[in-house]
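Below, in structure tokens: the form predicted alone, a single chain.
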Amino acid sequence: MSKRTGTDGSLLTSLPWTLGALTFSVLPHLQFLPIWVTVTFLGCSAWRMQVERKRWRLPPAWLRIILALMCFIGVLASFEAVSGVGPGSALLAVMAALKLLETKQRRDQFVLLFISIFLIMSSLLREQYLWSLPYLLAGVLFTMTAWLRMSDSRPVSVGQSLRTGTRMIAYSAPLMIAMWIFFPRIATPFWAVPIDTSSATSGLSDRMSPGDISSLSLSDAVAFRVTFDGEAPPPSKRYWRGLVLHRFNGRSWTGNDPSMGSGARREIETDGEPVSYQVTLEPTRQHWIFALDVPYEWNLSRTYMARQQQLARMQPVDQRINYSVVSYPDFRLSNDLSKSTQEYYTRIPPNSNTRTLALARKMRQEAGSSEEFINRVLRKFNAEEYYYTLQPPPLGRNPVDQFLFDSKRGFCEHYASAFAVMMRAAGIPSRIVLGYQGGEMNPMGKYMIVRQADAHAWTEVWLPGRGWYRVDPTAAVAPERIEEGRYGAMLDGIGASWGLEAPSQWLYRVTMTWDAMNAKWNEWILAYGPDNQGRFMEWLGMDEPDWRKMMLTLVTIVVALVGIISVLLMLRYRPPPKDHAARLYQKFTRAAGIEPEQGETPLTYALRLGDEKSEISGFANEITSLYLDARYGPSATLPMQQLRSAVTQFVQRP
């Protein structure tokens, strides 16, 4: 008889569940994985299923080793690294695919389900949107159902397995919630996981090079959300200050690394009414904290005001944060500026953009005053054929010259750079501020949404007696950009042009409702960091909460919850109580002095009892007959009464 070399088909019932759980766990990663990883995963899954159906042999070890080595090299070549969310997800996917090719028994599938759980959880490292919660619950339930389908040797229905998995999740939910609330949050994580940033969108960086940019993509990704204590300022005053650039090399503008400015706050002269608001800032991996120009008070820990009145944090913003700010839209900065500082803010490389320098100096001489010169430059942008566009032509070695005299097309960075260079050429100190301008009110949530598409650059100039003040040259060219925001200016009227007035209004309401739900998700769940946890603990009555108090509270609550859950499980799975007839029969056997043997029927026991104690043989036969009638008969009322009377008479016999 030949020895079987193929599989035995024993996994045909459980393998589809394992493959389904793995596929479900890979779904969120597909858009970030190289196509060859997806093809490998699907190919190995189909291969393994066919092996089980056809009773083929599994691939030999040497082939699996070669495939594993090739996949490892492929991940390294695709990502140029093997650490991080992207490479890690790819390695987990190919690991699951190759593990399928050596799966022989059901216990091997447990390893695959562990990998499935890791893939589900690793998707949260990349994004934690509102839809992540139902996906997480569905993925865990799917995996647990597959686990139960493999583990249970009895033939149970799919619905029963789903109900069992749901109960297990429900039992664990209180423990998860307690640990999420009370486990001490720290400002700096124990480790950092590199997150993929392969997709480019509009936004901010610490360098501005308008000449190098030939197009700028629109992105509706949220930069931050703002809730005002009162009325929101008008669009013309919605300038969200970020970082300040003050060094110009002829092509690019750069600034300093964030450093604390001890006198920066004292240089602010406020005017008018303050604006109080709360900001929920998305992770930026930068030090800058955005606030309405100009911030004056804030409550975010480890945050300071840098030298040029921008807020910065000591560590990069690598998680969503909430903070409150008080700003003064009407202000003056640094009324006094030393001679050396004025010279610093008027530096220009001497051999760059020569046409711009010559034009600026000529216009300054003709203007007669700095104020008139500034107005003439703005009128030049407004009256001549300059256009605001997100797809300007690329510029060469002298980008400001080519922009002002040749292309005349650009977005905010082009106009801010050209204006600042002309100011410096005329001896007027100038610098560029990067941040956001505008914002869209969400009527569903009563808050403002500032998107990446609202990224903006403007200029600040300094004049004696007036100090630093904002001049936005983009407003002279495209005032709708300031009044409606970049996103609104570019997309306004698109729905109407397609004949979608009513559907677009409905879609707008749906979009705003979804964003309001996301805002609450961010506020209550994702932004639950050290600061929010501390405030919540104080609200619960914990004075000066620290990690020791929270750990003690967590341990106490977890122990109490485990005890409650244990009691519930004991009550649920306790053995069923004996019926009244069984209790009477047990009372009879104890009074007889001979215990029934395991598996012995009442009739057999009565016969044995009659042999060993003939004097109670009559009682034994009578009580056994009444017991069977009371326990299994059609009407148990009369036999039950007779059984009770017979047992009582037997127990009380002399």
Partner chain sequence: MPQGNTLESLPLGGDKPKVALDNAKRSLNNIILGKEAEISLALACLLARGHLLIEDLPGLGKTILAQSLARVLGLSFQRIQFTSDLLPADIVGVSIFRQETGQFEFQPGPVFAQLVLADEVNRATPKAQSALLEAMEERQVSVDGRTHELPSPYFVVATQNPSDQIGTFPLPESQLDRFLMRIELGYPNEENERALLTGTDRREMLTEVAPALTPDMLAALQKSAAKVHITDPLIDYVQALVRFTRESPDIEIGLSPRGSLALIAAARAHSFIEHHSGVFPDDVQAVFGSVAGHRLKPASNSAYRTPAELSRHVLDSVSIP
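Please read all numbers here as calculations on a predicted model, not as lab measurements. Residue numbers count along the first chain shown, from 1. We call the rigid core whatever largest set of C-alpha positions still superposes within 1.5 Å between the two forms.
If you look for the form predicted in complex with the partner chain, you will not find it shown, but the lines that follow are about it.
By the criterion of a heavy atom within 4.5 Å, Q50 is excluded from the residues contacting the partner chain in the predicted complex. Interface residue remark: P16 is not counted as part of the site for the partner chain in the predicted complex, having no heavy atom within 4.5 Å. When contacts are judged by a 4.5 Å heavy atom cut-off, D579 counts as touching the partner chain in the predicted complex.
In the predicted complex, no heavy atom of G9 sits within 4.5 Å of the partner chain. For the options T38, T604, T589, N621, the residue carrying a heavy atom within 4.5 angstroms of the partner chain in the predicted complex is T604. Checking E600, E595, E615, D611 against the partner chain in the predicted complex, a heavy atom within 4.5 Å turns up for just one residue: E600. Stretch 621 to 629 is the contacting one of 40 to 48, 621 to 629, 22 to 30, 56 to 64, since its residues have non-hydrogen atoms within 4.5 Å of the partner chain in the predicted complex.
Annotation for T40: C-alpha shift under 2 angstroms between the shown form and the other one, rigid core superposed. When two forms of a protein are overlaid on their rigid core, residues whose CA moves 2 Å or more are considered shifted, and V26 is not one of them between the shown form and the other one.
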